[in-house]
Structures are given as C-alpha cells and as structure tokens.
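First, one chain by itself in structure tokens, the form predicted alone.
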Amino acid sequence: MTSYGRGLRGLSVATIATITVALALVFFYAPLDANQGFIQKIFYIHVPLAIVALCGFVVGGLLAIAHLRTGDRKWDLRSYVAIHMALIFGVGGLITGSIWAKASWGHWWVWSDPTLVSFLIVMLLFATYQPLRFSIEDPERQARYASVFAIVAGAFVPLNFIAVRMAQGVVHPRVLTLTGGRLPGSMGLTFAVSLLGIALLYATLWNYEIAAKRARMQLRRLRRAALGDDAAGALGRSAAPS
C-alpha cells in the first residue's frame, strides 16, 4: 500500500490540521449571525460541501476528456473516483442544507428556490452515472460511455450555475458573488479556511480510494497469474508419463 499511497500521510496531516483550525474558527472566532444565531454556523460546512461537490463533478468530466484523448484507463479510474467522491460530498451538502433550511425557514425544502432545485437536479443527474456505467459489461465500452456521460454532465454544471445566477426571485441567500462576497472579515476568513479544509478532505479521500483500487487491481492480477501458473503446472503433471 505504501507504493500506491505515496504522499498520503502528508496530505492527511494537512487535512486534519486545516479542518481543526476551521472548526476552531467556526466555534470560537466567527461571530453569531444577527438574525439566525448559532444555526448559521452550519453555513461553514454546507456551502463548502456543495462547492467542492460541484467542482468534483467538473473535475470528473475533465479527467474523462483525458481518457478519451489518450485511451489510458487510469484517467477513467480517476474520473470515476472523482464523481463518486463528489456524490458523497453532495449528499452531505443536501443534508446540511436541509437542516439549515428547517431552522431558518421552517421547512426542510423550498421548491421555489432555484439554487436548491438546481443542485438537486445535478445530484440526480450524476446519480445515474454508476448505474449506467455498471450496466455495460465490456470494460472498454464501459469506460468510453462513462467518459462521454461524465463530460456532458460535467459541462452541465457551470451552465446550470450561470442559469441560476441569472434567475430572479431567489430565496436562497447570496453570500458569495462574482463581484465579492457579503461576508465580514472574520466570517470571510472562517469560510475560506473551511472551504480549504473540505477541499483537502476531498483530495485526501480521492487519493485513498485511488490507492485502494490500484492495490486491489494489482492483487487480482497477481492472483490470476498465480492461478495460471498452478493450472499450467497441474496440466503438466497430468500429462507426464507414469
């Protein structure tokens, strides 16, 4: 596992340290929101989870482009893991967002808010990635079709983001804008560190899963080679004259 997980220890330490600092800032440095009070602090988890999930989907599409251009299956594996991890982070974003919505608006979900609905649409779109992928038995066709899906779906993410930003009557609070955020200095710093921590967590888990899958594939190759040698040896013994 060492050869496959090179650099993971340092990345893991950086992730733990950054998340620890982020939590300290969230609970002891960032001020309470004047309107929402303590529950607003879930913002520092919910929004980074959503941002990292969306970026993960886009990264999955970019890695899929590399696979189609080169034909190297390592890019397909990286794209698959990027989307898999983004789905997990996206589910976390949906759960924390629902908790925040219930505390702030009195409802677990608000269907009239384009931001919430558009994020759910992206999640449902990418939720079909794995069923589509594993419905194809041939490995080459599986990787190729999955890459095409990842590219098309990944391109939908920024287009969807732009469409939502242009929508009117948005209920969801706009704390981040293209021309600068509305967060005061202490809250902005806390959010930046939290976003960095969640991004490092995504990168760490991505690398761990890549290392685990590579080690598993190598183990399967060794087993097949060993079984092949044993079968050849058994055939030779059975064919030898008594």
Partner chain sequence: MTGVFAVAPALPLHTAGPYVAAAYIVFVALILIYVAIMARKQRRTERELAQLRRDLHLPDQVRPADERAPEGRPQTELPQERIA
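Positions refer to the first chain, counted from 1. Note that the structure is predicted; figures quoted are calculated from it, not measured.
Another form exists, predicted in complex with the partner chain; not displayed. Remarks below refer to it.
Though the partner is left out of this view, residue 27 does reach within 4.5 Å of the partner chain in the predicted complex, counting heavy atoms only. Using a 4.5 Å cutoff between non-hydrogen atoms, residue 9 does not count as a contact of the partner chain in the predicted complex. Heavy atoms of residue 92 reach within 4.5 Å of the partner chain in the predicted complex, making it an interface residue. Remark: residue 55 does not count among the residues lining the partner chain in the predicted complex, judged by a heavy atom distance of 4.5 Å or less. In the predicted complex, 26, 27, 33, 35, 36, 37, 38, 39, 41, 42, 44, 45, 49 are the residues of 26 to 51 with at least one heavy atom within 4.5 Å of the partner chain, listed from first to last.
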